[in-house]
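Given as structure tokens, the chain that follows is alone and in the form predicted on its own.
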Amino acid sequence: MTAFILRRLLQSLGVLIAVALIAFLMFRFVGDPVNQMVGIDTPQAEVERLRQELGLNDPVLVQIARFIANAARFEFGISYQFRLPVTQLLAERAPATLELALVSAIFSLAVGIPMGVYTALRRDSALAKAFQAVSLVGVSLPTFLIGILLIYLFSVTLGWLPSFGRGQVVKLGNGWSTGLLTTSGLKALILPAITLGLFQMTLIMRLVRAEMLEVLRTDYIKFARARGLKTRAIHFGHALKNTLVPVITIAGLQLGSIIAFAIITETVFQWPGMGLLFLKAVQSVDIPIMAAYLMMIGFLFVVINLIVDLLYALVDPRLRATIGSA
């Protein structure tokens, strides 16, 4: 197991270096950072002095090495637009995005898995058909349209929930804030969490349903029935457990996708997270923020993939034996 973890860590390091090179190319070729930092009337001598301070006159290999070293310390310089350290800007907005992503992931798993199991076990019932219709809607409609429809129904028409913002938050220390401890924060979280998690929920539901139907047709399930095991033990102790490996894969990757692609949801609901900050950075060609966001998302995906690989061994003993012998 130790050798497996070390091998995965080395592979993850290679992926992060590749992501860092892509981020460096953004710095190098998307635009001249000096032009973003100076005005039209700035003297040429001042421009050259700034280029020298930023190290833009150094050889490319030196710039790449310096960029990777700074990225390892999560230092990406100063934002062109906000004139503040990029690390500080991301740290201020990270709690909002991570809180939204966590609640969305919990919603998609807590709702998607039971719906998938029910539609597999009661596939001819009216409720199962209704669940499948909801899943088609969740897969087909784009995220921004779902958000707009929810705002129109629950904010404009019914007036039950706020349509934008994060509500009142509580400071927990170390720059971390949460809206889960206030009524307005919880209300503000409902609509964006449903919007962001609906696609993942329907995807997990359909995956669980398909895997459950496949497992229920296997020989060992027939043998379990022949032994006289209770139906509940067969469905949840044997069938559901053996559907979890692909579900863990999808759920892990989708958690990274939720964080990476929360941009649309945060824009629709004006949620003050990293996605909205990234969109503003794209609009103003704020390359330090764009590069830092790219590196952070790459790091999250690498960590999630490593956790998923380790969870495989806990769920499936065959994989545990394979990993142990590798």
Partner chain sequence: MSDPASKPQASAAPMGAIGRALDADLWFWFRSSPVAIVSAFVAVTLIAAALLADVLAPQNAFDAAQLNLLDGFTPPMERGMGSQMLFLMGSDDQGRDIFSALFYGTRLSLLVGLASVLFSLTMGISLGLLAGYVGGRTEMFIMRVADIQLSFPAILIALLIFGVARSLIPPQQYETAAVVVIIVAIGLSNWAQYARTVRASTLVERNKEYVQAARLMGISGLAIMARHVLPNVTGPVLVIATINLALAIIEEATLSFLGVGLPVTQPSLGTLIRSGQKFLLSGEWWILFFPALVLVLLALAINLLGDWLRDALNPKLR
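Because the structure is predicted, anything quoted here is derived from the model rather than measured. Numbering follows the first chain given and starts at 1.
This protein has a second form, the form predicted in complex with its partner chain, left out of what is shown; the following refers to that one.
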item	value
Proximity of L310 to its partner chain in the predicted bound form, heavy atoms at 4.5 Å	no
Touches its partner chain in the predicted bound form: A260 (any heavy atom, 4.5 Å)	yes
Partner proximity in the predicted bound form: A128 to its partner chain, non-hydrogen atom cutoff 4.5 Å	no
Close approach of L240 to its partner chain in the predicted bound form, 4.5 Å, heavy atom	no
Heavy atom contact within 4.5 Å of its partner chain in the predicted bound form, the stretch among 90 to 98, 150 to 158, 120 to 128, 226 to 234	150 to 158
Heavy atom within 4.5 Å of its partner chain in the predicted bound form - the one residue of L102, I250, V111, I190 that qualifies	I250
Contacts with its partner chain in the predicted bound form - residues in 254 to 287 whose heavy atoms fall within 4.5 Å	Q254, S257, A260, F261, I263, I264, T267, V268, F278, L279, V282, Q283, V285
